[in-house]
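Heads up, the chain below is alone and in the form predicted alone; it's given as structure tokens.
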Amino acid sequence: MIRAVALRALRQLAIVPIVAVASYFLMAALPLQIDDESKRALPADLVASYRKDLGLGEPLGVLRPWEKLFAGERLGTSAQGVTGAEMLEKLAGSVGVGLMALALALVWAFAWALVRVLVVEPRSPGASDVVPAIAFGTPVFIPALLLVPAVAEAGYLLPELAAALVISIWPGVFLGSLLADGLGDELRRDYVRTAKGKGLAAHEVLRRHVLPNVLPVLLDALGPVATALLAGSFAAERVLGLPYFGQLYVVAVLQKQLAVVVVATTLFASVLVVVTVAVELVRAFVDPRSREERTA
């Protein structure tokens, strides 16, 4: 089991240098100077600073952003640039918001699944599609904007908690819908009726037999949902004014801090790889069937 997870981790880690090189050449291909007759033309000295910051035209220029990073130099061409330590600090802030959102999403998921299976569908089967439709069709920035007054003026919520609440809604409903479908299928199986026939309470059947069989469905979706939470935090951070990784990334793109974008993109890809490997480890320990598949 450990060997299989380690091999998968190595395959995932191989993505990181590919992302680093691809992001570098994408940034290098951007037109830094527009036609001289255009009002948006960049001064020659600014273009030269961009090229120097990215190492364009230099031997092994692709390593230039990383040389500056590991040397402790400031990435970027102005005071808006950041050091590696500052970037990691901002990344840690975004990861913290993402983990808080993941915890909230799991709470919403279990709550919505139980309400849908035990309350909504027995009374009105079609009503169970309304909540997902509203959640999936609402962009992240809309509830974020609605929470801004409560955060900035009334002070009811911490900005980090508000951001986590906003970005956890869609994933929570999505996971809850998957859980509800799984619970519905399991509750109709013969072993549930047999357990109830032997006198086992309904909540005991749910806890001891049904939920363990449904958890693999949740774990299958947990990796993509966790990565979506981290990416979704960018919009919420921007709206709520959180000075974390999302804010840094957006500002770097707007101000053409190309070396910052290259390193930030690679760091973000590294975090996604870590999340994927962590989910695989959890699945390997929680789901016996996954261990059997890997050893088969």
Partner chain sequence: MKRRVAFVGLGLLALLWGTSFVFGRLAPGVLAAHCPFGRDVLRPDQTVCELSFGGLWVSLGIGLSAGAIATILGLVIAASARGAGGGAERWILRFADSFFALPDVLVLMVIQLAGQLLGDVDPALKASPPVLMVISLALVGWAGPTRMFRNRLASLEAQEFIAAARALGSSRGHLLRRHLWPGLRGFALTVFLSRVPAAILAESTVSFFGIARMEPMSLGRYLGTSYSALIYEDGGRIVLPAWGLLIAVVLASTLASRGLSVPERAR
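Positions refer to the first chain, counted from 1. Everything quoted here is computed from the prediction, not taken from an experiment.
As for the form predicted together with its partner chain, it is not shown, yet the points below apply to it.
Residue 145 is the only one of 85, 145, 201, 119 with a heavy atom lying within 4.5 Å of its partner chain in the model of the complex.
Contact with its partner chain in the model of the complex, defined as a heavy atom within 4.5 Å, holds for exactly one of 107, 92, 130, 152, namely 130. Each of 18, 26 and 231 comes within 4.5 Å of its partner chain in the model of the complex, counting any heavy atom. Residue 263 falls outside the set of residues with a heavy atom inside 4.5 Å of its partner chain in the model of the complex. In the model of the complex, its partner chain sits beyond 4.5 Å of every heavy atom of residue 56. In the model of the complex, at least one heavy atom of residue 137 sits within 4.5 Å of its partner chain. Contact annotation for residue 250: at least one heavy atom lies within 4.5 Å of its partner chain in the model of the complex. Residues are counted as partner-facing when one of their heavy atoms sits within 4.5 Å of its partner chain in the model of the complex; in 258 to 277 these are 261, 265, 268, 269, 272, in sequence order.
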